[in-house]
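One chain follows as structure tokens, the form predicted on its own.
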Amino acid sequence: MKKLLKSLGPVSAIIGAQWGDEGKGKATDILSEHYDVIARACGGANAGHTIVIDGKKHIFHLLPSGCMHEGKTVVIGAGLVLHLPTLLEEIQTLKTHGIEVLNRLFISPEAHILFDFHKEIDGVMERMREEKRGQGIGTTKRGIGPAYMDKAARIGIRMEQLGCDLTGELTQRRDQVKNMYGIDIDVKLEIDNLRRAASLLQNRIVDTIDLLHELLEEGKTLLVEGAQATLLDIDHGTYPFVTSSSTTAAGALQGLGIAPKMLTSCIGVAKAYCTRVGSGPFLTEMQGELAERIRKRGGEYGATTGRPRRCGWLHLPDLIRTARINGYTHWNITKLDVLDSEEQICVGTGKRSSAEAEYAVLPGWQESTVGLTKFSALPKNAQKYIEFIEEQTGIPAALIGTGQAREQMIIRS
């Protein structure tokens, strides 16, 4: 681990390389132990990661995975849209289990507030897409898109306004939303949510740009936790089947107010295969019994929505593209063990047509890799599979997941 940390440097980002759900939380959890500050920069409660506390699983959407480590400074950056009842619930869940995060949590005043009416608008817009196009985009209906719409239209409400009386502003919005979407905003509910949040969070709102730079100048180290993944990026993803924020390393730095030159490493997280939730193109998608087998072995159901994930083979051109966009210095290849029973492993290497991939076929290993923590202990064909990914992308695999548990990880320097 010491050699890996030295190669990562003082400011490292963990960024998804596919369509999300790659298992970023596990790498964040492992590395957070060795960093002073853990920051999340973009997205909202459409993200989801599972944290196990006292043997019980909890799904967190807004707090970064690294918040589990006592003594770590936790920063929520300007790029987020925050559903405050969800944030309060997560803080309380941790407190119930003896983990106090509030006294070390800092929230940017520039982060936008996501209201309950944004969720209702999200549902209406998805139904409108389905009626017009015959299919929606697969939104989580957590209100992310409508909140970012308000931000872009310069009518959003930011965390710096949390202690203000917003009754008049929300009453005015009620009429607009009713005319546009046929939705009734419950102004009293929204105001009550704001008051509860203000009583707990108002003194946690600070200039996080100044805070982060001061901490870095003091020699503190920073781990940036990405949300969603690069193929869902609003600019570079498979538009229009994307999220509403910038999910790249550059987007994360923008959301935190950190200059690009300060990033010393970037870990790209990719499954040993690939999954996608919702609609959109998926060139290497599996079908039938194979897809169901991988879904079952990998537990491929959305942490936020519970929806079955579409499963497919790894696609190297996507990894190379996301590596170029983010400047990955290391790979974290997750869920290698899910492929243990496969006789052969297909890897997408290009396109035959817009709907059909070209494949390289590698021999499977048909041995258990579960729990292995040394690369040399992997079956030879499993080693060759990882080496093939490294050779084709030009990026070393520093972390290789071999199971769900925190300790089931191969760490290479």
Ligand code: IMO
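Don't overthink the numbering: it's just position in the shown sequence, from 1. For clarity, every value in this text was computed on a predicted model and none was experimentally measured.
Beyond what is shown, the protein has a form predicted in complex with this ligand; the following relates to that form.
**Q** Any chance Lys119 has a heavy atom within 4.5 Å of this ligand in the predicted complex?
**A** No, no contact at 4.5 Å.
**Q** So, Thr243 and this ligand: in the predicted complex, are they within 4.5 Å at any heavy atom pair?
**A** Heavy-atom contact with this ligand at 4.5 Å: present for Thr243.
**Q** I'd like to know whether Ile137 contacts this ligand in the predicted complex, with contact meaning heavy atoms within 4.5 angstroms.
**A** Judged by the heavy-atom cut-off of 4.5 Å, Ile137 is in contact with this ligand in the predicted complex.
**Q** At the 4.5 Å heavy atom threshold, is Ala252 in contact with this ligand in the predicted complex?
**A** No.
**Q** On the criterion of a non-hydrogen atom at 4.5 angstroms or closer, are Lys24, Gly48 and Lys141 all touching this ligand in the predicted complex?
**A** Judged in the predicted complex, Lys24, Gly48 and Lys141 all sit within 4.5 Å of this ligand.
**Q** Any idea which of 72-80, 225-233, 208-216, 318-326 reaches within 4.5 Å of this ligand in the predicted complex, heavy atoms considered?
**A** Contact criterion met by 225-233 only.
**Q** Of the options Gly156, Gly257, Gly278, Gly237, which one has a non-hydrogen atom that comes within 4.5 Å of this ligand in the predicted complex?
**A** In short, Gly278.
**Q** Which listed residue (Lys220, Arg293, Arg307, His97) meets the criterion of a heavy atom within 4.5 Å of this ligand in the predicted complex?
**A** Answer to the contact question: Arg307.
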